[in-house]
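Quick setup: one chain, the form predicted alone, written in structure tokens, and binding and motion questions come after.
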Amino acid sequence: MKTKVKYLILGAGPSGLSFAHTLLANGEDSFLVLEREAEAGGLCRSADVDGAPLDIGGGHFLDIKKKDVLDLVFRHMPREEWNLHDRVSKITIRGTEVDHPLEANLWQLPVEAQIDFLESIAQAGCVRGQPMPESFRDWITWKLGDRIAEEYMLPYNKKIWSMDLNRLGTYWLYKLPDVSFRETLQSCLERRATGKLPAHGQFFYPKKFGYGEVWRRMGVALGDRFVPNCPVTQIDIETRTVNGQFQGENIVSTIPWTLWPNMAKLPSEVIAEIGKLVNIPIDVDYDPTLQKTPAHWVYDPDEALTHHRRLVRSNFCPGSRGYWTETNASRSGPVKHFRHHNEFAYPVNTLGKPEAVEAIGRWALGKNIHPLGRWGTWEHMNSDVATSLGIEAARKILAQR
């Protein structure tokens, strides 16, 4: 006999969990959350490694800015169980650790290096009023100048994506700040940072647990409405039946679209659009070595290093030691201590992706399938954004009843 519900939620990451708990908070209990893993959390899960928590999906932190997100999170893990941190993030450049963002902290480099970067910024295409280029590589140089491009942004992006960078679009680069020659020069002269703080200027992290603990609790709090160890293997689109066992009036999908062609009969045009989507796998590796840095995390653009980022857990996770790295799996070497492989880690902002995602979403909504979260929208997002979108989506769908 099939289990029938109004909302069948695929995936128990932050977006799926926040959608489910928003339904519950508004009196709707006809839903199930199906999760392939043994516990909730998705990319935000944690494991005990070398006597302390390690976030196996990479570096995740709770931003302080979204009240609806904090209200939901603190219901399941009260505020007193969290430490508040002032973000310390660094970039390794020319053998020196410089505060992030680089353009606001060039003053921390030797004077000769400051002059190199300042001269480059002054000659950047956007500063000189040159037309905006279309290719990713040229856009980065136009935006930031050749020195920041060649010594930081281009090698860093080559390491993360491990592909021809001109396969990437430029539509997502609005996140990069404008670089003002005047402000950068002022910063170097006054020897202080200028401009806006980056995202996560402050963040919460649990006092006694990894970041995955709050999401684990949220899964447990759903009781029988949370179905762990339940990988999705088959989807009947017309009846919205999953694995021949669970049927929903609506499906809310947070799982990667690239898995769907193996699970469901899809129109050829939808399969073609899904074929345009690209993701990269990331390996998270633990190393017990003490890091002599005050940073919570460090960006390492040096292409001689396999990883692109270090998370120094001893600086934000009490009682721990060592650090973990994030590495594009195609660059990973042998396992030395502990590794967790994330096959689906980062969606890639390739050329044509927005149009493909829009076409897939339009078809899905016509079948009462609602895309949600990082993989439903194929958008890289922090956990607080995914949570906020889950809350918003649930409120919207409830308002349409």
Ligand SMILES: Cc1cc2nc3c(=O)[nH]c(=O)nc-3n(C[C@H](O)[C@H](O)[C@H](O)COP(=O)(O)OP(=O)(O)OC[C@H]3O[C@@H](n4cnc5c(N)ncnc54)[C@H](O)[C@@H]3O)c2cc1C
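Keep in mind the model is a prediction, meaning the values are calculated, not measured. Sequential numbering from 1, following the sequence displayed.
The same protein has a further form, the form predicted in complex with this ligand, not shown here; the description that follows concerns it.
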Q: Quick one: from G275, P231, P261, P318, grab the residue that has a heavy atom within 4.5 Å of this ligand in the model of the complex.
A: P231
Q: Spot the stretch among 359-367, 23-31, 46-54, 339-347 with residues whose non-hydrogen atoms come within 4.5 Å of this ligand in the model of the complex.
A: 339-347
Q: Answer for D300 alone: is it within 4.5 Å of this ligand in the model of the complex, judged on heavy atom distances?
A: no
Q.
Taking this ligand as it sits in the model of the complex, is R309 near enough to touch it, meaning that at least one heavy atom pair lies within 4.5 angstroms?
A. yes
Q) Even though this ligand is not shown here, does I255 get within 4.5 Å of it in the model of the complex, heavy atoms only? A) yes
Q. So in the model of the complex, does E37 come within 4.5 Å of this ligand, heavy atom to heavy atom?
A. yes
Q: Counting only non-hydrogen atoms and a 4.5 Å cut-off, give the residues of 372-401 close to this ligand in the model of the complex.
A: G373, R374, W375, M381, N382, S383, D384, A386
